[in-house]
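The data below hold one chain only, encoded as structure tokens and taken in the form predicted on its own.
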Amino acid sequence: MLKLYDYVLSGSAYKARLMMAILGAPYEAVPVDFYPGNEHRQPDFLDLNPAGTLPVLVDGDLVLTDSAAILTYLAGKHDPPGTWLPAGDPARLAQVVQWLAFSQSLTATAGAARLHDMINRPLDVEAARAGAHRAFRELERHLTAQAFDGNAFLVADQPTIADIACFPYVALSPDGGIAHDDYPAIRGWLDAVKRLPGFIEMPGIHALHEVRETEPGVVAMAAEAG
């Protein structure tokens, strides 16, 4: 069985959890006390991953320590039709890989600002927020064009691992002082990801709410069951 070394507040670890939930892939979770315990810096963990980063996915003798590599492996192993990783379509596959690279800029900016605000990680937080907004503007332009073509996701008309890679640190960015108010296309995309079958929450990322009409002119918001 897959084994995931995990920290519940890690956006990168959430990528793996979310992908496995959507694919229905069973796994064993191994909690790692990232903060305040610094367990990822202890010798036993460094023997597994000398970089001291999370997540880590173990499948038999295979050890993967990069979230993009983990998503690629999970999709290749648990999605035989190739929907999440379109290996049979070179153009779409290249676009997916391009967005996987883009996701790293989200981690380095929006993700870094979140760490600063949550655990006081030393950082030029204003530079990180400015970098996040630059990335968000690029993402907004792309998603606006996608919506114009009738597509809700980053690549063509269906979700791929690119969406899972980019989603968490965009969704969590308000924790780092980066609001979504100026990005309507991004908000629509976040909602589209949350509607995916198998979607799971994490602290700071919640499922959509059900909008229910109760009487003319009155709309009540009720938490979606499940």
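Since the structure is predicted, the reported quantities are computational estimates derived from the model, not experimental observations. The numbering used is simple: start at 1 and walk along the sequence shown.
The same protein has a further form, the form predicted in complex with a small molecule, not shown here; the description that follows concerns it.
Note on the partner interface in the predicted bound form: the residue among 96, 143, 115, 75 having a heavy atom within 4.5 angstroms of the small molecule is 115. Contact with the small molecule, judged by heavy atoms within 4.5 Å in the predicted bound form, is confined among 59 to 67, 173 to 181, 23 to 31, 192 to 200 to 59 to 67.
At a distance threshold of 4.5 angstroms between non-hydrogen atoms, residue 166 is out of contact with the small molecule in the predicted bound form.
Though the partner is left out of this view, residue 105 does not reach within 4.5 Å of the small molecule in the predicted bound form, counting heavy atoms only. The closest heavy atom approach of residue 159 to the small molecule in the predicted bound form falls outside 4.5 Å. The closest heavy atom approach of residue 134 to the small molecule in the predicted bound form falls outside 4.5 Å.
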